[in-house]
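Shown next as structure tokens: one chain only, the form predicted alone.
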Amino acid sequence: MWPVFAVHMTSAKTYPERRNLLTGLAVAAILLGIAYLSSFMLEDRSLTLSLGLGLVTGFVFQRGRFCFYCNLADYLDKRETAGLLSIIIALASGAVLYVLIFSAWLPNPAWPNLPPTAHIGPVGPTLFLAAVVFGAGMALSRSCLSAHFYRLGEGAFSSLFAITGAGLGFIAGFRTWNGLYTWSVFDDPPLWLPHLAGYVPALALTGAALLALAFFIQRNARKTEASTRPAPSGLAALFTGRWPAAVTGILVGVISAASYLRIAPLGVTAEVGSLARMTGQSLGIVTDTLQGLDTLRGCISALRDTVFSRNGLFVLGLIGGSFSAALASGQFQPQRPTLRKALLNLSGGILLGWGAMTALGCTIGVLLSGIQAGAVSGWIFLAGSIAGVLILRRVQALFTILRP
């Protein structure tokens, strides 16, 4: 008997139930079919690509548990390193692929040349402040924004409060933007590592930094005993347990590079920001003039006059892909949020939204896409968001009301 069939003869406690697996695969097939059919209904082919790429991204994120805060918390609390290593591998693999694309599009990386649309943001005190606030929001709501989206697909409806809070945070960010832009963003330069000496030295510097981080993480890892449990095979291997760090990291790196090559740099906040901006302006609480915002690089909250946007379809696809993966693996578990959790998520979401608006993106748009592109802004966001997490966790240790 083939392994793929033998898997389903084992205990349901060991592998996902066959019904869950078939249901999840059916949902995935239906969603992919919708993405394909949309190519005949939407004039802009990039919209279809965004939807399809979102489906794949949501599936990979859910199976690999690709969440910046969750993985950092696992390391801080239990010294588990798999999640952080998957992030480092994603950054490294994406950086290599980005250089291949850049070198074809922009053979001469000398100043002031910059690759088109890459998320190379302004570097200054505003960026670091925004990253700290974003990190605090992650710690308070227990997830980054991208994870809140894919956790919706798992039935974590408390994430709706975090996403709603993020919209409110964006509105708050629009109200403070002009002052911050005049204070520092106006003069903050977009620093790009290839400007220093070219693509190869920049890639080597990025690789050395990531290798140092991996070494530090592994040095402080918790020692675990090798499992004697037989590894699943066939389809069960895709839906049983968490994907290995290397598999998740490489796939995320490939997805990020493919997104940049065909659509735009990976990001999840542009649609939330656009909706918040239009809502705020219609209510008269957001000014029509946001100085310099539309000229910068990142997940810009641009005004639009179309029903569908590339980022909006990408996010919908991400939720759908996560939903199908969660169904197939038996991890779709709808949860009714408690009042306490809803308030914490709402409050954390406001911090996430303000930080993402002010930093021009989140852990995906600024940190992931930025570091892969060789942007110094990605490293600044990484440092600031970790600082924000550590600060908020220390505050939570003092005030139980802020603990989840």
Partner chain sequence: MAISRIIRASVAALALVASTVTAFASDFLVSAEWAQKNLADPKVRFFEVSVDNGAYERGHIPGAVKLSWHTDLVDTQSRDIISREAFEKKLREAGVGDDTTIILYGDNNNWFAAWGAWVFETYGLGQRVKLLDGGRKLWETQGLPLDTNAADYADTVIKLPERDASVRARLIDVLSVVEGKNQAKLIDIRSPDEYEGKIFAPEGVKELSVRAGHIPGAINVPWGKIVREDGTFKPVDEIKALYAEKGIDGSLPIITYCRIGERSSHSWFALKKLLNYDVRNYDGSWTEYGNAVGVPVVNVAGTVWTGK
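Quantities reported herein were computed from a predicted structural model and do not represent experimental measurements. Positions refer to the first chain, counted from 1.
There is another form of the same protein, the form predicted together with its partner chain; it is not shown, and what comes next is about it.
Discussion item. Which residue, 275, 254, 263, 214, is the contact with its partner chain in the model of the complex, using a 4.5 Å heavy atom cutoff?
Written reply: It is 263 that has a heavy atom within 4.5 Å of the partner.
Fill in: Heavy atom within 4.5 Å of its partner chain in the model of the complex - the one residue of 334, 201, 107, 179 that qualifies
Spelling it out, the residue with a heavy atom inside the cut-off is 107.
Worksheet item: Only one of 190-198, 325-333, 97-105, 267-275 gets a heavy atom within 4.5 Å of its partner chain in the model of the complex; which is it?
Response: Checking each option against the 4.5 Å cut-off leaves 97-105.
Worksheet item: Taking the shortest heavy atom distance, is residue 294 within 4.5 Å of its partner chain in the model of the complex?
Response: Close contact exists here: in the model of the complex, residue 294 approaches its partner chain to within 4.5 Å, heavy atoms only.
Item to complete: Decide whether residue 284 counts as a contact residue for its partner chain in the model of the complex under a heavy atom distance cut-off of 4.5 Å.
Response: No - in the model of the complex, heavy atoms of residue 284 and its partner chain never come within 4.5 Å of each other.
Discussion item. Check residue 117 for me: does it contact its partner chain in the model of the complex (non-hydrogen atoms, 4.5 angstroms)?
Written reply: Output for residue 117 is yes: heavy atoms within 4.5 Å of its partner chain.
Discussion item. With a cut-off of 4.5 Å between heavy atoms, is residue 340 one of the residues that contacts its partner chain in the model of the complex?
Written reply: No, residue 340 is distant from the partner.
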